[in-house]
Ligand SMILES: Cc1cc2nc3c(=O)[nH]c(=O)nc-3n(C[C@H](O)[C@H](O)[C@H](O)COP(=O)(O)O)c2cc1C
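Shown below, as structure tokens, is a lone chain in the form predicted on its own; questions about how it binds or moves come after it.
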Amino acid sequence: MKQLKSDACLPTAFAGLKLRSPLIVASGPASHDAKQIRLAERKGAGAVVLKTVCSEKYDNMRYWPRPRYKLLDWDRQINGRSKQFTLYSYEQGYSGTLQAYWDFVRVCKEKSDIAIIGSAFADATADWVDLATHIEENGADAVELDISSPHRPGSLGFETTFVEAIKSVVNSVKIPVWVKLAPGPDVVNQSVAAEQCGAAAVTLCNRMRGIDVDIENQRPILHGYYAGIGGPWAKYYNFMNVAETARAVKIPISATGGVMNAEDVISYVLLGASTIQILSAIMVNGWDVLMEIHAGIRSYMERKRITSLEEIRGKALKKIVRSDEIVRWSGEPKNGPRNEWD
């Protein structure tokens, strides 16, 4: 395994890397420039997945509409912090040129002690390989293939071309290849397919694609097109995706979606995740949320007398019962529901 130089606070082994923490800054607006990576390191992140770079074919994705964010259902009355919200946004790829991205990867790796994960999006296999190869050449510790971004053109399905792309990237680089999947009914089979293609890990799951409407102007809000939606509510379906996938694959899982506090992180670990990616909480509540989550995890570990999160990984997963094992009321109803009108 590659030993990173940072002092460990919550040491975690993941897909061939030794991280000082299981907390990873997810690809997005909080990982778009070098100053943000410095902040992530200072606040205790174990790794950063850089903003996604797009192939030349999708040059238009480097230009963002403005405004591109809106907070829906925002409750800011709880101790001055936002606890419930939906982050609605449309922001596509890294806004610089390909050369600027390679320089970005190199500078981040040279100047920081935490793991730097490149992120790429393309459609043609040759383009996937080209992006991943350049990411590796400029020093990244791993590459995440973002095949599921809610902002990418077309459907969010697991296209057959992705199988060829994943295999080709795995065969072309030496660094670990992660595959980021979309939430949906087929996420387990997609994770199995990614594992069979040689992926070192899967990231579960990307944000959903949705839309909101301005009923006064009778049009979609902001840019007029679909957008990515996420927030604290997203953790519940992703808990299920992580749990079901953890039973089906041997490669590690990086969970993402809805994380706001230490309890959310611990829940993901109990369901089988090894690392947890965070973005919306940082955007809404600031970078200090990483330190707060770390403190909460340590407090939990002390209370439960455990020395490593690995001791509890998948523990709740083992206690999920089958539907036919659910304890149900055993009494015999006499007359059933009332069928008459009052």
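Residue positions are given as counts along the sequence shown, with the first one as 1. As the structure is a prediction and not an experimental result, all values here were calculated from the model.
There is also a form predicted in complex with the ligand; it is not shown, and the following applies to it.
Shown without its partner, this chain lists 37, 26, 293, 309 as candidates; in the model of the complex, only 26 has a non-hydrogen atom within 4.5 angstroms of the ligand. None of 122, 201, 114, 87 but one reaches within 4.5 angstroms of the ligand in the model of the complex through a heavy atom, and that residue is 87.
The stretch in contact with the ligand in the model of the complex, judged by heavy atoms within 4.5 Å, is 280 to 288, chosen from 40 to 48, 55 to 63, 298 to 306, 280 to 288. Among residues of the shown chain, residue 256 is one whose heavy atoms approach the ligand to within 4.5 Å in the model of the complex. Proximity of residue 264 to the ligand in the model of the complex falls outside the 4.5 Å heavy atom cutoff. Although the partner is absent here, residue 132 sits far enough away that none of its heavy atoms falls within 4.5 Å of the ligand in the model of the complex. Though the partner is left out of this view, residue 91 does reach within 4.5 Å of the ligand in the model of the complex, counting heavy atoms only.
If you take 191 to 222 and check each residue for a heavy atom within 4.5 Å of the ligand in the model of the complex, you get 205, 206, 207, in sequence order.
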